[in-house]
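Starting off, we have a lone chain in the form predicted on its own, written out as structure tokens.
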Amino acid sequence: MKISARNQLKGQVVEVVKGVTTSHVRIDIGGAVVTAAITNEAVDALNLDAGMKAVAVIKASDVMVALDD
């Protein structure tokens, strides 16, 4: 599959925590862990489970920067 998003981080799923409607999927991308919030239906459709290889695709319209005073 091809996708237009350029921020694609390959890694391994370390945890899938299902909530009532949304799951949190944690992906280790080489020492850093990113967390995606996706629907439970998406988790089921992808058969996501810990230990699987996955790609975190990041598409953000805004990135904010803050400094502590």
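Predicted model only: the values in this text are computed from it and were never measured. One-based numbering along the sequence shown.
The protein also exists as the form predicted in complex with a further copy of the same chain; that form is not presented, and the subsequent description refers to it.
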Since only the chain is shown here, I'm wondering whether V14 would be in contact with a further copy of the same chain in the predicted complex (any heavy atom pair within 4.5 Å). no
Heavy atom to heavy atom, is A50 within 4.5 Å of a further copy of the same chain in the predicted complex? no
Enumerate the residues of 47 to 69 that have a non-hydrogen atom within 4.5 Å of a further copy of the same chain in the predicted complex, in sequence order, or give none. L48, M52, K53, A54, V55, A56, V57, I58, K59, A60, S61, D62, V63, M64, V65, A66, L67, D68, D69
Thinking of the 3 angstroms or more shift, are the C-alphas of T22 and A60 brought closer or pushed farther apart in the predicted complex than in this view? farther
Given that the distance between the C-alpha atoms of D62 and I29 changes by 3 Å or more in the predicted complex, do they end up closer or farther than here? closer
